[in-house]
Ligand code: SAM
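First, one chain by itself in structure tokens, the form predicted alone.
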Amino acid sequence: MTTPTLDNDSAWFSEIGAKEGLAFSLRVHGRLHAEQSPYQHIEIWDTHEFGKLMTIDGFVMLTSRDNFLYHEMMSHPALFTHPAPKRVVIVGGGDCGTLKEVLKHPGVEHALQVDIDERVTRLSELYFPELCESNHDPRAELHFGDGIQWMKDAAPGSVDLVIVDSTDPIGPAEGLFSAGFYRDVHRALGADGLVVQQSESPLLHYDSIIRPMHKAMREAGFGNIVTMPFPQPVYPSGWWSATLAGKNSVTDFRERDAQAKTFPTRYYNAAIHRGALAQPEFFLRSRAD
């Protein structure tokens, strides 16, 4: 990763993926904040065209301009797939953008966000206040701690939907991609329970992350799994995904409710949801292998 010079209009922030042989850059005015939390190095940048940028350990986490793509696809497909989601747990999601989208659903009675690093949330409140508008909703609860341990301790059948809004499967997030974690999630979910997890780039990480994730979810007891691709310009390859697993069907959803949703979105709608369920041919071929 290169470090731009502060207040230099020709400076660029670059995330270099040496293993993948690619890089992504944003032109920046300068760095607004940098700190080492107990868990990771967090930086906030002011970009020319993408608004504010948050990076963690040198990797792009979100920008003001395009985060809605990720947050909407991490929340609304799952919420409209569950027949009546009332109790939602978000593991990770410290920027609070997913929490905001979840609480757009009037039927949700309680949304708990469990993130290990409080500093991500506090910096989001300062630099991304639009994502934190629902933090004081009476249905919202912020808990700063280990999401893996929280799920181990959760009462059986106490949750309708688990959203794993994590960083890449390295460091503190590595355990969130394991069969053991999914077994704890399966136990905590009710009869119609669902889990959705960010699953990286279908182009770059299908064999290394998505296929092993499907295998681990099946081992944990989830018989119905689908990976939904969507665009995400600031993430490696520009093509990202969310993997949805359930105790029941994950391809049937409340389409009429999605069509008649009473809240605004910028990307998600019923047609986008239906389209995201269509699988690329190489997904289908790999399942036959």
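The structure displayed is predicted, hence computed values, not measured ones. One rule holds for the numbers: they count along the sequence shown, beginning at 1.
One more form of this protein exists, namely the form predicted in complex with the named molecule; it is left out here, but the text below deals with it.
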As a check of understanding, the residue in Gly145, Pro106, Pro129, Pro138 with any heavy atom within 4.5 Å of the named molecule in the predicted complex should be identified as Gly145
Exactly one of Val120, Ile210, Leu112, Ala154 comes within 4.5 Å of the named molecule in the predicted complex through a heavy atom, and that residue is Val120
The named molecule in the predicted complex: contacted by all of Gly193, Phe253 and Asn269, heavy atom 4.5 Å
no
Partner contact check in the predicted complex: of 220-228, 52-60, 243-251, 27-35, the stretch with a heavy atom within 4.5 Å of the named molecule is 52-60
query: Wondering, does Gly92 line up within 4.5 Å of the named molecule in the predicted complex on heavy atoms?
result: yes
Quiz prompt | Contact flag, Gln198 vs the named molecule in the predicted complex, heavy atom cut 4.5 Å | solution = yes
Check your understanding: Can Gln40 be called a contact residue for the named molecule in the predicted complex at 4.5 Å between heavy atoms?
Key -> yes
Does the named molecule come within 4.5 Å of any heavy atom of Leu176 in the predicted complex? yes
